[in-house]
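Starting off, we have a lone chain in the form predicted alone, written out as structure tokens.
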């Protein structure tokens, strides 16, 4: 499907941007799902991005600058999109949400819908000059990380999204909790056919695009490719 770019808003140093376009299928997009995006001129393989927000028929995505997709957006203001793809974040009782960098996107959407408590960390203030932070949430910048703050929480249910090193640390830190991880992977088809986003689990190989992107931390092996 195709849509016109409705808005592109950059952070102060243009390290991140929010991309928005209209989407007709109201009430059919859930937190944790993603879309594959490209323009009519490229990139050849569409890029997967988690939904940052969906309100009043407008989809918004939080994207880190510097990729091929952004380069094509400079000359084309039309979006070719495929989605929503993947499974929604599971419904949990009063979960703590922990985000790192652009891993904030799906958790922002979840927090906004469910009024959940959220802790988000970034390398500096740049990200927070662009995004909004839901009420009763906390943001932090390096050297303090989101996990440094989250480790003091007694919350049983936890959902985390961010760089693989952050997720590995969360898995160790909260090994006795009900922890879910939203994985980020390179993918081509978004439906498990190309097998490019494989992840090893306790039930064998699964695919981030169609079996995830949210998995129980106890289920996935984050080190199987190393």
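Residue numbers count along the first chain shown, from 1. The model shown is predicted, which means the values in this text are computed figures rather than measured ones.
In what follows, reference is made to the form predicted in complex with a small molecule, a form of this protein that is not presented.
Participant: From the candidate stretches 100-108, 128-136, 114-122, 76-84, select the single one in contact with the small molecule in the predicted complex, where contact means a heavy atom within 4.5 Å.
Facilitator: Contact criterion met by 100-108 only.
Participant: Is residue 64 close enough to the small molecule in the predicted complex to count, meaning some heavy atom within 4.5 Å?
Facilitator: Yes, residue 64 sits close enough to the small molecule in the predicted complex that at least one of its heavy atoms falls within 4.5 Å.
Participant: Answer with yes or no whether residue 177 is in contact with the small molecule in the predicted complex, where contact means some heavy atom within 4.5 Å.
Facilitator: Residue 177: no contact with the small molecule in the predicted complex.
Participant: Please run the contact check for residue 184 against the small molecule in the predicted complex: heavy atoms, 4.5 angstroms, yes or no?
Facilitator: Yes, residue 184 sits close enough to the small molecule in the predicted complex that at least one of its heavy atoms falls within 4.5 Å.
Participant: Could you confirm whether residue 54 comes within 4.5 Å of the small molecule in the predicted complex, counting heavy atoms only?
Facilitator: Although the small molecule is absent here, residue 54 would stay clear of it in the predicted complex, with no heavy atoms inside 4.5 Å.
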